[in-house]
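One chain comes next, on its own, written as structure tokens: the form predicted alone.
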Amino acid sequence: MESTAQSFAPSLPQIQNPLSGPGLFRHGDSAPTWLVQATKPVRYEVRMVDNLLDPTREDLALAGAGERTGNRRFIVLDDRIEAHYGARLRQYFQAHGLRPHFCVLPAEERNKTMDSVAHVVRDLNEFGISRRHEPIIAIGGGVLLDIVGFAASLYRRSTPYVRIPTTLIGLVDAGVGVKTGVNFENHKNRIGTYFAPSLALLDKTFLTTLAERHLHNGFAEILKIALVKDFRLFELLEEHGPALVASRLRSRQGEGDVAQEVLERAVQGMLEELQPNLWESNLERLVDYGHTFSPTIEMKALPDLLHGEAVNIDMALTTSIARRRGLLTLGEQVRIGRVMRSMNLPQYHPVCDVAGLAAALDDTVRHRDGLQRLPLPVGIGAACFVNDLTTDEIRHALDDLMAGGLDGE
């Protein structure tokens, strides 16, 4: 019988391997070379729910479960969620006959490190999780979701997980995409992966216990979507922003379902941009608006600035740049500044200086494969990309913000 090795003799170049199926070929007639081709579809659900911890609801009990899933659950909580909802979570799982194991992590940006990832991995190992049949469930803010998603992507080379964001920034940003990551040597999200959850459950009732500053923080990411692609969303923020903060996005009598429309538009807008470009093969991304200078600003200002606050400073800076380029009017700039101010979002921080912002742009250029690919607003609700921003433009925009902000107040 002829051996398999003989069937791949150099005299037979570019033949398909009959033992390995389509897509595996040997190329060339000198050094052996094989081309391996494969695709892996990504499919995950983002589902809005209300009152997730109501024992009559099954969304959480069934999250990530399959036909062979047992009654154990591995739950990672941030410490704030443990304090506010730990007892209710235990009651919920008990009501559904489930045995949860809780891993609690601190939820601050300075704890977004490989040490926190290692903490989760150690707990997974001690728990003895079945990576195919026992879901990892992450319940917390964006920091917690990033840490757990990264740990899940690494543990045994990928273990399915469920995201349940409990902050506004998590509901509209960190909870709905596929990026994971942690900070490294004062660089924001320098280590990370693309790893989709099997399910994301979005429940705005968690916002009832969220500190008001963290609501403002989340509105910065909603404003981002409004400024670059959704004028209607901007109008809703302009008219109802402070009331939405006061009500924690619960609709009030006579207002219609404004809160629901704001959340749905923000999530829809984010997913429209993410879905066709999950792995960022196209580096011109509208959702990078507000994320050119902000990673450096945020890390330099820690713990003084939250993520959304740094993003807003970036958006204020680039709004001024856009107005000076004639991409939007002074009246549009003033409207944007007033919305930012109405939601207590900062437009400037003392860590911002021309040299530091120029260095931040240089770092972003390296991340964007040698080009700035800087999103700038065109009017309100549209955007363009530029590659020719100068240090002088940064200086003039920074002067505008230091002199009173976009609205001059």
Ligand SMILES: NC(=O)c1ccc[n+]([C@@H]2O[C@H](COP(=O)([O-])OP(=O)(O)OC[C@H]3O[C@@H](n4cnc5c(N)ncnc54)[C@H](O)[C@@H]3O)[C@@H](O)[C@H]2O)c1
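Numbers for residues come from their place in the sequence shown, where the first is 1. Please read all numbers here as calculations on a predicted model, not as lab measurements.
Beyond the structure shown, there is the form predicted in complex with the named molecule, which is absent from this document and is the topic of what follows.
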Residue 314 near the named molecule in the model of the complex, any heavy atom under 4.5 Å? no
Applying a 4.5 Å heavy atom distance criterion, does residue 289 contact the named molecule in the model of the complex? no
Does any heavy atom of residue 109 come within 4.5 Å of a heavy atom of the named molecule in the model of the complex? yes
Under a 4.5 Å heavy atom criterion, is residue 84 part of the interface with the named molecule in the model of the complex? yes
Full three-residue contact with the named molecule in the model of the complex, heavy atom 4.5 Å, for 318, 389 and 400: no
Consider the chain as shown here, without its partner, and state which of 277, 130, 198, 189 has a heavy atom within 4.5 Å of the named molecule in the model of the complex. 189
Only one of 307, 240, 323, 216 has a non-hydrogen atom within 4.5 angstroms of the named molecule in the model of the complex; which is it? 307
Candidate stretches 87 to 95, 333 to 341, 230 to 238, 206 to 214, one within 4.5 Å of the named molecule in the model of the complex by heavy atom: 206 to 214
Just to make sure I understand: among 158 to 177, which residues lie within 4.5 Å of the named molecule in the model of the complex, judging by heavy atoms? 166, 167, 169, 170, 173, 174
